[in-house]
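This document starts with one chain, in the form predicted alone, laid out as structure tokens.
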């Protein structure tokens, strides 16, 4: 065998199969196999694998466990929302469902360790057992003793077991403040442009040659690589736009070898598709339908019109409240949001500086308490002032839909400004059946 993967403990045929299934990750897989050592030997108690999203961490572990036939428990920390579910998954994977049935309703860590040791005494490990934990950063929110225990589980249960943690954050931000057993660290770097080209080119379309699909991927990366390195996102974009790329071929206007003509046809569509990266205004199905119903001028109807803004339900009402707070004078809040306020004629409380439209003057800053007061007035249902509401305000600032204009050290009374247009907020309001024009002072 001439490949990168080679280990005396595993058959060359299996390692060769692994190598074929993990393009551009042979080096990381080789390091993992080296850390695992001989199947029957004790491995290191814990390994911490980190890297950005879609860098191949889960894929490589899954292929290694499957192809090398290693006993393992695959645990998603998103699914296992409690320690009890984690313990049940581990015991079921190694000893069967009957072993997990002995767990009490809310087991403690000591009860899990005691039960594991009992099961291990009846069926000891013939080779290293592995617990592969995806999205391991969620363990930071679990019980304080769970993560340190997992890192030295081999010692606690006295068994040949290794815990492998997969995370998108570095170990320095993961390590508990109280200290813990230090795992071995393994980094999965981002794919380079050449590696992305190699991986994406393997998804060739059966109706066209591999050379044509490879040239299409080259065009796609030329447009998107500067703004997107996510393999899954790029794969989605490639599949979504390939039919548009092949339109001149199906119509018989060009040949496969005339790449420059295919490039001129697809380039404007790819640049429009850049607006759908990460935060999509339209779904994939809507995007395909819009491509089929283009205007004569070549513009895609609906795109960038923000008719489909993907925001949580209460975030939309927070955005509506922020827009009203920015463009309505504070004195008019009683007029719009208090019942039985009496009739207030607009001309009677117009000041000189308010004769100009507030929309022409631009958004004005507002305090957090005013934003929340308007929010609770316009939202349909009763909402408790929970941390979720405040986190959604932070998310709107991160998305640059709101702008925080007060200093970060002003925790008692932060001030914000709404940074979106009337068309945008009108589209958002329509999705929740809210007529915002009735609440705007300029349109009285």
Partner chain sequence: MSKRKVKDVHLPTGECITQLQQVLRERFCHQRLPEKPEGVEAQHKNLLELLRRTAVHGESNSLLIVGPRGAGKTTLLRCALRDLLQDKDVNKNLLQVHLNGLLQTDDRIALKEITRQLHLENVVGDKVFGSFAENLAFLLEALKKGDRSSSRPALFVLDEFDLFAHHKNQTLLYNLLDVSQSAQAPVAVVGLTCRLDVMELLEKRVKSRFSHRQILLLSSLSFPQYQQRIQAQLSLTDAFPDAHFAEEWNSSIKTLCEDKSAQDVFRRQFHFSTDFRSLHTLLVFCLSRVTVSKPVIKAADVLEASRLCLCDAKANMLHGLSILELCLVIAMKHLNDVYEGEPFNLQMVHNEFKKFLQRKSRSMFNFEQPVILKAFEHLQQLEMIRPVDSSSAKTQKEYQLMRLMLDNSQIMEALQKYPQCPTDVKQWSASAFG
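Positions refer to the first chain, counted from 1. Note that the rigid core is defined as the largest set of C-alphas that superpose within 1.5 Å between two forms. On a predicted model such as this, the values are computed, not experimentally measured, just so you know.
Unshown form predicted together with the partner chain; subsequent notes refer to it.
Residue in contact with the partner chain in the predicted complex (any heavy atom within 4.5 Å), chosen from 219, 169, 367, 142: 169. A heavy atom within 4.5 Å of the partner chain in the predicted complex is found for exactly one of 126, 203, 155, 251: 155. In the predicted complex, at least one heavy atom of residue 31 sits within 4.5 Å of a heavy atom of the partner chain. For residue 64, no non-hydrogen atom is located within 4.5 Å of the partner chain in the predicted complex, even though that partner is not displayed.
Although the partner is absent here, residue 378 is not a contact residue: none of its heavy atoms lies within 4.5 angstroms of the partner chain in the predicted complex. The closest heavy atom approach of residue 383 to the partner chain in the predicted complex falls outside 4.5 Å. Picking from 69-77, 227-235, 328-336, 251-259 the stretch near the partner chain in the predicted complex, with a 4.5 Å limit on heavy atoms, gives 227-235. Looking at 174-198, the residues that come within 4.5 Å of the partner chain in the predicted complex, counting any heavy atom, are 178, 179, 180, 181, 184, 185, 186, 187, 190. Shown in the overlay between the shown form and the other one, fitted on the rigid core, is a CA shift at residue 420 of 2 Å or greater. Shown in the overlay between the shown form and the other one, fitted on the rigid core, is a CA shift at residue 183 smaller than 2 Å. Annotation for residue 365: C-alpha shift of 2 angstroms or more between the shown form and the other one, rigid core superposed.
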